[in-house]
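Shown below, as C-alpha cells, is a lone chain in the form predicted on its own; questions about how it binds or moves come after it.
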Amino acid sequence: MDIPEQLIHTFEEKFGADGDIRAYFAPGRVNLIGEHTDYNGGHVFPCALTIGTYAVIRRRDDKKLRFYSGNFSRLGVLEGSLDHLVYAEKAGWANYPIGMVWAFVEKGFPVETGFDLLICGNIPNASGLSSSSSLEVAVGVALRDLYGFGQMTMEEIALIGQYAENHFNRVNCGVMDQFSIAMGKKDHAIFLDCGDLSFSYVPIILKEEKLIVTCSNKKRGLGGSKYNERRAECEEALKMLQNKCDICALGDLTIEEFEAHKDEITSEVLKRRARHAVYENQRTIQAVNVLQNGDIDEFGRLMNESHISLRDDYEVTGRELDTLVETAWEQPGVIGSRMTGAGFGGCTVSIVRDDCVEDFIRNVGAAYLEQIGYAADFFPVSIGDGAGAL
C-alpha cells in the first residue's frame, strides 16, 4: 500500500469507515537563502520538498473535533469542540489544527460542524523544515474543500496559517513557511518579497549537484527559543532608524543607506541584528540573480556568507549548526552550506557535487558525532509541488 492507503486504513480503524473520507498532502520546506528577513519585509528564497504532512479527514454532523497523529500514536485520539476553540497546553500538536479552525472562523469562514482528522508526517519534528506550518497548510486546504470555501486562494490559506501561528499558537513568525508550502512548484524555488507578497518561480537546475539537508537533532521549539526576542530587537532597531529614514521595514534599506544611518541605532547588539536583516536581504537578491545566470559557485559563496552573518550578527546558530556548517565547508565538492530555518538547532542545507555526496555524509557525520556526542541525520532532498488533495 502507498502512504495514503495505509493512512486511510488507520483512519478507518480509529474513526470508522463510513462517509466521505478525503486525503491531502502539504510539503515541508527548506529556505535556500534569506533567513530572518521575512518578518523584516525582505526577500526569501524557499522551496517545497517532497517530504511533508499527510492529512486524512471526514466531516462530522456534530460540533466534535477528533484528532489522531501517527507520529504521536501514544497519545491516542484527542478530542475538542467547535464550542471551545482555545489554546491548551495539554492539547499538544492538536493546537495547530484547532488554531486553523479558529483562524478560519476569525477570518469569516465559518466551520459549522466538526471533523475527524488523522495526521502523519515524514518531516523530522523540530528540525527547521516547517513541520508545524506543513500541518497548518494541510489542514487549511482540507477545511477549504470540506466546508465549501472554493473561492479561497492558496495565498489566503498561507496567510490564515500565519495568522493562526501568530495569534493562536503565539509564535511571531513571518509568512515565508506557509507561503512556500502552499505555493511550491516542482524543481523551482520561490523568490518572495515578504513586504508585498510579490513572487516569482526560479528554476533550480542541479545538473551535477545534490541538495542535502542535515538535521542536527538538537530539538528546539520556536515559541520557547529566542525567535520572538530577535523579532523584537529588529523592531526596536527599525524605530531608531525611522528617526532619519522614511522606511516601513528593515528590508526597505539598501546596504549604502544602512551604512549611512546605522549610528541612529544606539545599541551595538541592535545594530548587529539590523545589519544582518539588511545585508541578508541584499544577499538574497544577489544570490537569485547569480543563480539565474547559471553561477552555482557564486550562489554557494553567498550561502556561506549568510551563515557567517547568522552566526556573528544575528547569533542564532549555536554549536551544533556551526559544527555541521564549518565541517561541511572543509569537504571536497561542497559548493555552499548554511543553517536554514529559525536556528537554535534544526537543520543545515548544503549543495554538494554528486561524486562527493557519500564522503560528505560520512565525514561530516563522523565529525559531528565526535564533537557533539550524538548523530546528525542526512536527507538528500528533492523539490516538489505545494499542498493539495491526493
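Note that residue numbering begins at 1 and tracks the sequence as displayed. This structure is a prediction, so every number in the text was calculated from the model and none was measured.
Beyond what is shown, the protein has a form predicted together with alpha-D-galactopyranose; the following relates to that form.
### Message
Three or more ligand atoms within 2.4 Å of the backbone or C-beta would mean blocked. So with alpha-D-galactopyranose superimposed as it binds in the model of the complex, which is it here, open or blocked?
### Response
Open, since after superposition no atom of the placed ligand lies within 2.4 Å of the backbone or C-beta atoms.
For residue 104, is any heavy atom within 4.5 Å of alpha-D-galactopyranose in the model of the complex, or not? Because no heavy atom of residue 104 falls inside 4.5 Å of alpha-D-galactopyranose in the model of the complex, the answer is no.
Is it the case that residue 342, even though its partner is missing from this view, gets within 4.5 Å of alpha-D-galactopyranose in the model of the complex, heavy atoms only? Answer yes; at least one heavy atom of residue 342 falls within 4.5 Å of alpha-D-galactopyranose in the model of the complex.
**Asked** Heavy atom to heavy atom, is residue 291 within 4.5 Å of alpha-D-galactopyranose in the model of the complex?
**Response** Outside the cut-off, so no.
Taking alpha-D-galactopyranose as it sits in the model of the complex, is residue 227 near enough to touch it, meaning that at least one heavy atom pair lies within 4.5 angstroms?
Contact check for residue 227: yes, within 4.5 Å of alpha-D-galactopyranose in the model of the complex.
Checklist line | Listed residue that, although alpha-D-galactopyranose is not shown, lies within 4.5 Å of it in the model of the complex (heavy atoms), from 213, 82, 265, 175 | finding: By the 4.5 Å heavy-atom cutoff, the listed residue in contact is 175.
- Message: Given a 4.5 Å cut-off on heavy atoms, tell me which of 334-342, 319-327, 50-58, 360-368 is the interface stretch with alpha-D-galactopyranose in the model of the complex.
- Response: Contact criterion met by 334-342 only.
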